[in-house]
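Consider the single chain below, provided in structure tokens and representing the form predicted alone.
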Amino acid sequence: MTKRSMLIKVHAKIGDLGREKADGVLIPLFEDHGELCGSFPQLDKATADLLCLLVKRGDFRGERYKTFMVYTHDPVAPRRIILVGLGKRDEFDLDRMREAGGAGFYYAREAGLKKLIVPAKSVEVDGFSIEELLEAFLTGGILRTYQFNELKTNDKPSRAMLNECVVMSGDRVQRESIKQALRRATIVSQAVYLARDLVSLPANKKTPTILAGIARSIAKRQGLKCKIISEKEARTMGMGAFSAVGQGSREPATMIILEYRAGCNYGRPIVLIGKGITFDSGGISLKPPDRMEVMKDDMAGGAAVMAILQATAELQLPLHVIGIIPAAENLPGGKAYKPGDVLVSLSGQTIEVISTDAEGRLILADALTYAQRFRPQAIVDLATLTGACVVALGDYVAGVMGNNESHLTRVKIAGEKSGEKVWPLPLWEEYFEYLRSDVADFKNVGGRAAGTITAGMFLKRFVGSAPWVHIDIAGPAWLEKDRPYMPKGASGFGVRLLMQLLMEWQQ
């Protein structure tokens, strides 16, 4: 990548928000509640009591995502006050806070504002700390204002870019904990930006070789170990499933391994595996041409894992984490693998290829087997694996399967807290019947029935005894329309989910 998408600078400050020069103050407000009148008399006075009247008369009710802007006059320095609705208090969760942040920051950006103020104690909610509320609000704001402009040369934004947010606090002790919350929000959001950037790039700008180079740069910058296994080396090692997928392309496949270790006391690693198909034509089992250009997103799992390793290192989590990204192009060609071929995987198990468009599970199979040499305490894989998962769960939720209930529960809870939700699907042994082969140990697809589950059953054969969770992100990895804190396009799904998992792992 030639440049990185710009992140809003967020920092905390002690002082009087009325004296801080800024283009606007952003205030979240619950529906049909008048807390604003009692909490912000200074701001109300600066608008000649207009804020209080807006709330009392119902001109601004605080409905979910709704925004309203009022201009100020002396004696306060900020020139505008933006209200953003949180909806009903009894329906509140942290995702509502993220959504409100997204709506407010987006409104400010579209209005041409450059600098915003957010009061530290803008809202209080039972069961949530000020730090939690701020982190969610600012995360939503940062994520909603993402733009991918790297490849544009003459379509420059006509408005000024929102580039700074100051959180104003009057409490010096609380300022330190707020600074930590803002740091987490910034680092995790930057990781989401990285994942979105990688997924948004066209396939000719992120070949497996280019991805390996980006991984090396991240490793050098963050002090990670980086190992790249070439396609030739993988074939020599016995990775027959992984190496087969990329052989139809002139771009060689690569297996990328990034390792973060906080110290010598953190023992066996948590291994994260991300599918890295940089373009998926379907191979010989060619996909329909309509919307094939979006298949550049088939490395969204790999992008997420790369971003997670970056954020884990920046946050210096007390963990040992390894990321594995098997990267390849799946194209038809004279050397491409074919339906009917039988592949010998790194595990020694044989696979009959029914569809070359079920390539993701093949590269993951050898990555899962390779992961076992690290004696992991847990494995999580992320993959845009099956269209069947989109049919089952839509594009808001990821499917999740695994061999360990405790591990599955951890992931599900992390999804609820982060707002990147998952829904469990069964891996009952009966489903393996769909994969039985007459010529090999099993097939790589089992027909239309239970397509997501049979993909999970296939992967399960390569996991061994390690606790393992598979997350199918085919639905939420790419958005066809804007959402409250996510613009359409690459979502970076999985980064916040697994960062939440890792941050709580240490507790």
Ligand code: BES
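One-based numbering along the sequence shown. Being a predicted model, the structure only gives us computed values, none of them experimental.
Below, we turn to the form predicted together with the ligand, even though it does not appear here.
- Every residue in the set 357, 387 and 445 has a non-hydrogen atom no more than 4.5 Å from the ligand in the predicted bound form.
- The ligand in the predicted bound form is approached by residue 295, whose closest heavy atom lies within 4.5 angstroms of it.
- Mapping the unseen interface onto this chain, residue 469 falls outside it, with no heavy atom inside 4.5 Å of the ligand in the predicted bound form.
- Contact check for residue 361: a heavy atom falls within 4.5 Å of the ligand in the predicted bound form.
- Contact check for residue 280: a non-hydrogen atom falls within 4.5 Å of the ligand in the predicted bound form.
- Checking 43, 474, 55, 29 against the ligand in the predicted bound form, a heavy atom within 4.5 Å turns up for just one residue: 474.
- Among the residues 335, 221, 227, 287, the one placing a heavy atom within 4.5 Å of the ligand in the predicted bound form is 287.
- Contact with the ligand, judged by heavy atoms within 4.5 Å in the predicted bound form, is confined among 377-385, 227-235, 192-200, 128-136 to 377-385.
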